[in-house]
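Before any questions on binding or motion, here is one chain by itself as structure tokens, the form predicted alone.
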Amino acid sequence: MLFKVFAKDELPKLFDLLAANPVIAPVQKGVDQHGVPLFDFDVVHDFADLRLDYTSTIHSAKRYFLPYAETLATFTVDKGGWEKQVDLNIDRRQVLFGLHACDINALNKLDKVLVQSAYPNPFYAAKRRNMFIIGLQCTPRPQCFCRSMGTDFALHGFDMFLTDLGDSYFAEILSAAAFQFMARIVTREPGHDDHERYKAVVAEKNGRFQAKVDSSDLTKILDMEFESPAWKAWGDKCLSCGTCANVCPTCYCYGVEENVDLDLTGAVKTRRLHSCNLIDFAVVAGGHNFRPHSHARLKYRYYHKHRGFVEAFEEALCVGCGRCGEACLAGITVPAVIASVREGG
């Protein structure tokens, strides 16, 4: 990894260089009922529209890699038979500007399932391969517990990572493409003072974390507390709306739909993201539902994130961004659920 430092007025120049391709970045999307700004990722054409001071986005950047709905293939009748067409968007290059460490780590976790598994997802892999990612140091919110999950910093999964030092940016350069872009703006080698300022910024960030999750021996605790009354208590609160999965940066469950034209001249196969909290998630042929109760669905969501994924990949699927708890209409948060299960109910 290489390090560079550059003045803040060089960042718009870097943006202009990157803008030869579509740039996706955090922008303001109005305010909430208390007048607090709301942010989300969107395509940006002007550097002035970027909000690099954003706290968190409503949705994660996952949808640019794993859309909520995606056409897998189309079929048409040609010469008396069905002809299949697939578009993977392999050559479409994009730039993701200003991704926080937790969201970078979320993509790294999705990579394990959708790229590095025995059954890789070519659609996801193509988008991941052609996305230039610039990470950005964040300021934790009260609901952030990414430090507990070990995702408050990123070691890979990005091309460049920026830390605001006040009058300049400290840049971590991880790819050859990033190095080539940095060669076209004015930079310098970091000195001792830059290193000290960087460490001070990180230390100040670490001191801001309020929410915590005790993940020590959590897989064992979950096995022991499988029948804990805590699951029923939280399940009774759960509205089974799926909002948590909608905003989660690591949920990847999906369903596939096939729709054929009534005149049999065409068909479309579509993949749509699903949520294990929805009542029809576990419905199988014949109409039987393996998880008809909300508390069972909620429990298995937590077991997937903090038990099953850990067993398979030795790390939790949750990155501690806090979006699910913030969006939950019933006020269910990961720290509260885990704490109550640890207490046995």
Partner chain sequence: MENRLPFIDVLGGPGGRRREDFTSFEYTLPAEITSLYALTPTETLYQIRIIDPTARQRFTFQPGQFVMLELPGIGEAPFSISSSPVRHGDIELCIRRVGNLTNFLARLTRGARVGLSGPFGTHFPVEEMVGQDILLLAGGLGIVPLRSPLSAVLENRSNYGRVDIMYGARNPAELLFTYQYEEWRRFDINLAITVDQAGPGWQGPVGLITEVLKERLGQAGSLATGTCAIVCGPPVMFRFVCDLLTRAGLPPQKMFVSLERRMHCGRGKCCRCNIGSTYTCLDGPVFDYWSVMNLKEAI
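Residue numbers count along the first chain shown, from 1. Not measured: the values here are computed from a predicted model.
One more form of this protein should be noted, the form predicted in complex with the partner chain, which is absent from this view; the next part is about it.
Although the partner is absent here, residue 122 lies within 4.5 Å of the partner chain in the predicted bound form, judged by heavy atoms. Contact annotation for residue 53: none of its heavy atoms lies within 4.5 Å of the partner chain in the predicted bound form. Although the partner is absent from this view, residue 283 contacts the partner chain in the predicted bound form, with a non-hydrogen atom inside 4.5 angstroms. Residue 217 falls outside the set of residues with a heavy atom inside 4.5 Å of the partner chain in the predicted bound form. Heavy atoms within 4.5 Å of the partner chain in the predicted bound form are found in one stretch of 136-144, 113-121, 162-170, 204-212, which is 113-121. Not one of 43, 200 and 314 places a heavy atom within 4.5 Å of the partner chain in the predicted bound form. A heavy atom within 4.5 Å of the partner chain in the predicted bound form is found for one listed residue only; from 195, 156, 129, 188, this is 129. Contact annotation for 5-40: residues with any non-hydrogen atom within 4.5 angstroms of the partner chain in the predicted bound form are 17, 20, 21, listed in sequence order.
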